[in-house]
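Just one chain follows, in the form predicted alone, and it is written as C-alpha cells.
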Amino acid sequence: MPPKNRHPTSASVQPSAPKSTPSAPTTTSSKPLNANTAQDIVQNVWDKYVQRTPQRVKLLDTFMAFLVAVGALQFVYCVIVGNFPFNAFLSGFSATVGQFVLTASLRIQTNPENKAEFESISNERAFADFIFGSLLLHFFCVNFIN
C-alpha cells in the first residue's frame, strides 16, 4: 500500500476568509459584558418567583421546606443521639418523606401553569386525594411504630 498523502493537494485547499476586526472596542476586564454574578441570578429568580407564583403554590412550597427541615432534624438527631427505637426513626422519617411527595404531587396538580396536563382534575379533587393519601400514610406510619 502506498503511504497516505498527509499534505493537502491544491484542489482541496480552500481560500481562507480575511479575518475581520471587531467594531466595538474591547475592555480589559476578564468577564464578558453580559455576564451576571451568581447573586444577580439568584435575585432575579427570587423576584420572578415572588411576582409570578400564586399564593396557594407559595404556601405549599413553604410546607415542603418545613418538611425538609423536619426530615433533616430527624436525621441529625439520629446521628448524634442514636437510633434506639429504630422503628420510630424510620416511621417518622418516612412520614416526612411521604408527606413531601404527596405535597409535591398536590403542588403539581394545582399549579395554574400545569392546567393543560390536569384539566380533568379539579383543585378540590386534588386536595381530597392529598388528604386521603396523607391519612393512609400516617396510618401506616403509626402502625409501624408498634
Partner chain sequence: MRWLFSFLVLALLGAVQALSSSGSRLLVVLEELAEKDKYSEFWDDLRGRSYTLSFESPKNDKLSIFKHGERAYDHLILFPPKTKGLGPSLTPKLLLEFLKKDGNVLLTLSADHPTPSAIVSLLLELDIHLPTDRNALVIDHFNYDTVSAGEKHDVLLVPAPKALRADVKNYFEVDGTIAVPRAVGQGLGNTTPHLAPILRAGSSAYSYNPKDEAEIVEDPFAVGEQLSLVSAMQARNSARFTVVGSVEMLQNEWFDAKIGAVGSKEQTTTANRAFAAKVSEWTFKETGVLKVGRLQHYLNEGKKNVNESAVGVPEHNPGIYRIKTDVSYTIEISEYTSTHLSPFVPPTADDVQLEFSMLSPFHRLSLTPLAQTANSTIFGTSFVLPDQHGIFNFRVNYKRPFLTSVDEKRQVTVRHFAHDEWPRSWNISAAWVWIGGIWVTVAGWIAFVALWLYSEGVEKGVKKTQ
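As the structure is a computational prediction, the values presented were derived from the model and not from experiment. Residue numbers count along the first chain shown, from 1.
Just so you know, the form predicted in complex with the partner chain exists too; it's not on screen, but the next bit is about it.
- Just one of N83, S105, N36, Q43 comes within 4.5 Å of the partner chain in the model of the complex, counting any heavy atom, and that one is N83.
- Contact with the partner chain in the model of the complex, defined as a heavy atom within 4.5 Å, holds for exactly one of I121, V68, V101, A88, namely A88.
- Under a 4.5 angstroms non-hydrogen atom cutoff, the partner chain in the model of the complex lacks K115 among its neighbouring residues.
- Contact annotation for Y49: none of its heavy atoms lies within 4.5 Å of the partner chain in the model of the complex.
- Using a 4.5 Å cut-off on any heavy atom, the residues of 125-140 that reach the partner chain in the model of the complex are, in sequence order, F127, F130, I131, S134, L135, H138.
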